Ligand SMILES: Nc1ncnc2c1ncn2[C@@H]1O[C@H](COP(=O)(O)OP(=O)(O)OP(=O)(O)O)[C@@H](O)[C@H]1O
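Form predicted on its own, single chain, as structure tokens, below.
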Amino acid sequence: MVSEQDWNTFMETGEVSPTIPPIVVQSWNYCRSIKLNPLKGYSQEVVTGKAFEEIMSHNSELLKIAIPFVQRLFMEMKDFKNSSFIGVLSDKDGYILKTILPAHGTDLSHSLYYSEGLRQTEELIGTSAISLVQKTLKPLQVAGFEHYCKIHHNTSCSAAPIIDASGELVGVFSLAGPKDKVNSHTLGMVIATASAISNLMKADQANSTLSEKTNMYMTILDSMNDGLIMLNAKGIVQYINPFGAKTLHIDRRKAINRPIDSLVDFDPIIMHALRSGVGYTDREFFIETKRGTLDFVKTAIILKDDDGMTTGAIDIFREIKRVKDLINKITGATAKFTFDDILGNDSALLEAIRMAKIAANGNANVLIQGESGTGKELIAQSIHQASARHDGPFIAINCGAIPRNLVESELFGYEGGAFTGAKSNGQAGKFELAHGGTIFLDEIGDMPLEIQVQLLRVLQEQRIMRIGGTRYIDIDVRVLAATNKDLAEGVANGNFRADLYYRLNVLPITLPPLRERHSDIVLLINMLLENKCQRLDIQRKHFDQESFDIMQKYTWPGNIRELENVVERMIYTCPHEVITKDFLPANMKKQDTPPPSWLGDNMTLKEFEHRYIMQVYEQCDKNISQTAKSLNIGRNTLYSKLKEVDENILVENN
């Protein structure tokens, strides 16, 4: 919420608080640029008489449909009859065509700013819901200090566009009232009303016949994408919208005038709210039915008469899956890479891709193994994209990056009040969010042993229990896991559970390190050069042959991730079209020397890594920061690697 201090600061200095919505900031800056006086804001443009009649005549189709609709809305809904909200219908140019006042409204001083014939545009009154909807064609709510002009600071307005059959803006419907009465449901009702008017106009423009007895109020509710049921005080169904009937498997025609508990095979939660007279907002409920467990986010609105007696209830509900799908879309829980994005002709890589495509055709667990930076998540995303789950979420989680005490709540979620600091309504875990899709458990080898036990149970039973919960939640999730460790060795030394290893290792995929893909290095370099130069909008650069030779001989301990960083660094640092070896990192140029005597020894991969790290460590005069930079790894990672070589090495060189 924008504060008075935020508004004052902008007016005095032009500085913008990060809490101010971007659309408001954009409007404020525009108003400032046209030198609109923020201490005014009452529209000076008003039409009357014949000019107003011409405007009304020009908008006759809009008025014919919208005015009876909105008037009936205000007559039938008690929340509006006794409220401080006024309905405002304006045309596409901002002229107010009709103002509808509540029958028994109070505190209607703000209606002065919405007189019929007044014109509301950004140039005339500054930032407002109506003017911004005209500009953006999107529903908006502007309240209090979000208004540019001071005289509107005590008001709020929710507005939505009315669109005709050709997709053009024909008007704006809004509800205006005091700022302390603003709430999100007001905007939802405005959107539903504007949408219903738009639909009616489209039907009228297509010469569809509308019944004179069409219930305008019901049209609003029918256009909602949430389930909605209206009950009287005895729990008798007065109305159920199509989405609600479909969700609950109820025949709409047979449901009216029947008790709600006779229509469903569970104890209706709304009846508890109706009997207690206390509603709730956006609460999650698990409902046991013969069809299984239903998971809903519900809002209960208790209707009361003028004497405070309960007259009924409105039950608004949405399946939690739709909520989670929306969360995943907003947070980017989707895969963007496919097999077409994987470049290379190395035989080991092609074998990994072949196995990955086999995995994509099934639903078995997959274990992707390879050093850091070899493209394990790229393979995982490609499997998801090519699978039958490609329309579902792709949730990636790095098991090694989550604090040990938070791993369980991140994976499996928790109920409200489960522990200190928990959200009051609880939180779904990654497995719940991945329902119907794929979860990618990166660095699975770093998962604590106690969580490995729970993960094994989830894989076996396909259900989870939140922390603090008392019931299981069924899930449908495909698991892809990845590691840069030798899990078989982890099993042998007791750091990884054998049963979990075998459960994950159904379809193993091994990605080769870049140093073993000599034929692919030039291909990858050229691809990275082209993509990054294009993204940076600079002329395409090239490496000379000497630089190519050095990079092909380099061992690339950071694999493709290191290669990508090196290419981007040289694009920035080299001012010429041709990049020479002078711009290569120092540790790479040192590689252009005869290999160390130990390179030909018969050694394991771990021994090779230890010797190579020690070589770079010595070349950097045992400087931790320089060594980490040369190896393109973090200081903490380097500390861990050096301790693997010799527990006392850091003490000796301190």
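Predicted model only: the values in this text are computed from it and were never measured. Heads up: residue numbers just count along the shown sequence, starting at 1.
Missing here is the form predicted together with the ligand; even so, the following discussion is about that form.
Does the ligand get within 4.5 angstroms of any non-hydrogen atom of F337 in the predicted complex? Close contact exists here: in the predicted complex, F337 approaches the ligand to within 4.5 Å, heavy atoms only.
Can you tell me whether L200 touches the ligand? I mean in the predicted complex, with a 4.5 angstroms heavy atom cut-off. L200 lies outside the contact set for the ligand.
Although the ligand is absent from this view, report whether R561 comes within 4.5 Å of it in the predicted complex, heavy atoms only. Yes, R561 sits close enough to the ligand in the predicted complex that at least one of its heavy atoms falls within 4.5 Å.
Does G373 reach the ligand in the predicted complex if we count a contact as any heavy atom within 4.5 Å? Result yes; G373 sits at the interface with the ligand in the predicted complex.
The ligand isn't shown here, but in the predicted complex, which of 118-126, 339-347, 131-139, 461-469 has heavy atoms within 4.5 Å of it? That would be stretch 339-347.
Between the options S195, N484, Q385, T219, which residue brings a heavy atom to within 4.5 Å of the ligand in the predicted complex? Exactly one listed residue reaches within 4.5 Å, namely N484.
Of these, D295, D226, D91, D442, which has a heavy atom no more than 4.5 Å from the ligand in the predicted complex? Here the answer is residue option D442.
Of 491-526, which residues get within 4.5 Å of the ligand in the predicted complex if you count heavy atoms? Contacting residues: R517, L524.
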